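Below you'll find only one chain, the form predicted on its own, shown as structure tokens.
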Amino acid sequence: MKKTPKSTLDNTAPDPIALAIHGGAGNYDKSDQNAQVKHLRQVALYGRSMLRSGAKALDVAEELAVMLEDAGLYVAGKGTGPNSAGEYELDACIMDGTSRNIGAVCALKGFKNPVKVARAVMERTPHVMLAGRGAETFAALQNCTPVEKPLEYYIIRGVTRLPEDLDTGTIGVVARDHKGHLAAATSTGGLLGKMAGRVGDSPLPGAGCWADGRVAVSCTGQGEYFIKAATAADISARMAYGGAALEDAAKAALADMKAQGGYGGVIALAKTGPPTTPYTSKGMRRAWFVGDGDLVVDV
């Protein structure tokens, strides 16, 4: 019997699962990031276990974003600092690449885990985004978890987190599941000491968060400039219309954002291959893996 060539026997598709998460782009060179690095590793490992068990990319994006919001280590969820009026306004967006369904909330007060409220907007309303009091009324009707004592919720390790004590730290997730489907989530408390009612790029589809059939993207940095450059959607457009590879598209989109005057970074993941995590700031807290490959965590 004629033997089948070994190359044919080994001609199997690689494991398509992949993940990248971030805990913000900023100037972290003068502060200890050990707690953030340890936590990002834990979150990424949990995400890998979810993807290996067959979880959908959208569910992974939401679940890991919740873990990052709850950590108190980033400027999102529990780690948020107050705005100029002393209030805590949260923004989030989640997007499914296959359907392009989107849910988002902005200037949300009084509720934990804005990414959960955003997912509810996606699945239980005909809308894409709810803001302010409308978002809060909706969150209450959906039995989302309120923050009963907001000031106490935003006290970490017994120390009130004021703007001067905090660094930048939007959080984000991009995931690719075993079917090759993509999803993205982004969540933030926004610029520290921001004007009341200010909304940055994080909850805006195409600016700070995007997922379609080509790519999933989550951005972090100075939101106004990501809005001006429509950075997240720009990456997909460069791939679709210019035929750019993922890494080249992400770097070029960031360069356009930087040309507007801002700084920051992105995590992006296409239907095949590894994530890319470029940034123009001094650092970006991030973790990623592909299939059974090594889990990388870096600042």
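So that there is no doubt, residue numbering starts at 1 and follows the sequence shown. A quick note: this is a predicted structure, and the numbers were derived from the prediction, not measured.
The same protein also has a form predicted together with aspartic acid (ASP), omitted here; what follows describes it.
Colleague: Given that the partner is absent here, state which listed stretch (175 to 183, 218 to 226, 129 to 137, 98 to 106) has heavy atoms within 4.5 Å of aspartic acid (ASP) in the predicted bound form.
Modeller: Going by heavy atoms within 4.5 Å, the stretch is 218 to 226.
Colleague: Using a 4.5 Å cut on heavy atoms, which of Met122, Cys144, Leu73, Leu191 is close to aspartic acid (ASP) in the predicted bound form?
Modeller: By the 4.5 Å criterion, the partner-contacting residue is Leu191.
Colleague: Does the 4.5 Å heavy atom contact test between Gly79 and aspartic acid (ASP) in the predicted bound form come out positive?
Modeller: Although aspartic acid (ASP) is absent here, Gly79 would stay clear of it in the predicted bound form, with no heavy atoms inside 4.5 Å.
Colleague: In sequence order, which positions of 189 to 208 have a non-hydrogen atom within 4.5 Å of aspartic acid (ASP) in the predicted bound form?
Modeller: The stretch touches the partner through Gly190, Leu191, Arg198, Gly200, Asp201, Ser202.
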